[in-house]
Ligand SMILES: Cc1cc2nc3c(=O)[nH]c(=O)nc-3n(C[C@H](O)[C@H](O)[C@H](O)COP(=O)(O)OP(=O)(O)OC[C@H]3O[C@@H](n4cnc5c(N)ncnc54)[C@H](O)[C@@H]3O)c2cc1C
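Read the single chain below, which is given as structure tokens and is the form predicted on its own.
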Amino acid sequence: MHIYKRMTEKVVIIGGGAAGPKTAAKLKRENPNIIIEMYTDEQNVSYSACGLPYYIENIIPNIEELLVRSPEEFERHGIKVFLRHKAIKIDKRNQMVVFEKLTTGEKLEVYYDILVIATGARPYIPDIENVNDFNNIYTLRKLEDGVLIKNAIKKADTVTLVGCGYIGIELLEAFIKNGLKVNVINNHKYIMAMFDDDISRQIQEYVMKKDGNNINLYNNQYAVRFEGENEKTNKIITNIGEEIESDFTVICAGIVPNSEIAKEAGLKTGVSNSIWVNSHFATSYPKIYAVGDCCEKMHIVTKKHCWLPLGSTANKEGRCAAINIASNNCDFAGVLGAAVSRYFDYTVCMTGITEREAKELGYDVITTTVTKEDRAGYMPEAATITLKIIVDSKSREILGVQGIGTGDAEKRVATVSIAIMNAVKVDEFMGLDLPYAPPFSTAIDPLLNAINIIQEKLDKNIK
């Protein structure tokens, strides 16, 4: 076993996806003299996993375009990168991590002054019979996954998606654009179940109206068994006995945090077994931080710990943790779960909490849903958007918004995000001076129209 000797002011980072590289880059800018080593069990470091569906779709022709920064670039800035090194144990008392060099099996003991865990998350694999027995069942998380799926498309006519959230709907578009027939096995009433049912239903109706001839939806069902031969599955059996034939399958049923190494080391874990951290991203043990999809967050609306793994959040967390390691003056406000995706020209986005979540948490909610054109109706590019606003009737504060449609829904949701972060009440929101010109909005923006309806409901105490 090779032993690295301990150095002064040495930061070791486990993980090279989004949060780890951001931590390393920002920390080096904050303190150029600090020694930084970043270890990842993957073949690449610092890449955009969020761009993989668009690579599969062929919008992005080369997988290399998703690489944000190469190991050589990090090295030029004084950050040492170790690829194909898997962390297998944290010895927190001796401030040491044991890594296995995957190419040789060699074990390395690496000492640190400060440790940053940025191990991310991995796809959730449901308990499906024979799920591990076939080589044409894929997940999408790493660059290599994207290449495998893109190659599978070339010799396929049909594909099955197990799950249909954000990744699922992006892959659905990619497969439809590539001429495949798509089966969707969805363990919910509608696809995109993170939205309220009334909004999810509209998303599903749009998808099926546009491409229903090439999509088979199996809602309120889940896969129980894969069947096939010669290491290839060609049939999926659902819980109600549906037999679905398919050339290959992609499981996109969610993700789980890679927190096992932290838990085994005795670090405190929280929501969904993610690593507990405070607002500085310090864990329950001194000199150890955690950032990104492996750790929990504080929700700005509920003031409760949650687990909302998003690439944008991971980057912000890495930046904040780096500042704290260097000078301890970054207090992370929390998250709202702001997210956006699309199906062709149809945007789906949200921020804050849904009506369903608000009621489960005990809020007395008032909601409204409006459907309007996103700009002056006489403009040729005018398109329709639907906005659903959720408000706490007692505080009159906005709890969340969901936006869908072929128009600019996302900019309205972004505006509401800022309002929620600052606990803006409905009455104050009505005073917002939003920019107007016919190519960009209506004279009274659809968002203000929705807020005005909510205000009237609140004043009249109408549910």
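Quick note: we count residues from 1 along the sequence shown, nothing fancier. Keep in mind that this is a model prediction, so the values were computed, not measured.
The same protein also exists as the form predicted together with this ligand; that form is not shown, yet it is the one meant from here on.
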property	result
Contact residue in the predicted complex, chosen from Glu109, Glu170, Asp196, Asp211 - any heavy atom within 4.5 Å of this ligand	Glu170
One residue of Lys80, Arg356, His280, Lys86 in contact with this ligand, assessed in the predicted complex (non-hydrogen atom, 4.5 angstroms)	Lys86
Answer range among 303 to 311, 324 to 332, 237 to 245, 153 to 161 for contact with this ligand, defined in the predicted complex as heavy atoms within 4.5 Å	303 to 311
This ligand in the predicted complex reached by all of Thr368, Val424 and Leu432, non-hydrogen atom within 4.5 Å	no
Non-hydrogen atom contact Asp293 with this ligand in the predicted complex at 4.5 angstroms	yes
Contact test in the predicted complex: Gly17 vs this ligand, heavy atoms, 4.5 Å	yes
Any non-hydrogen atom of Gly352 within 4.5 angstroms of this ligand in the predicted complex	no
is_contact(Glu37, this ligand) in the predicted complex, heavy atom dist at most 4.5 Å	no
Contact set, 118 to 137 vs this ligand in the predicted complex - heavy atom within 4.5 angstroms	Ala118, Thr119, Gly120, Ala121
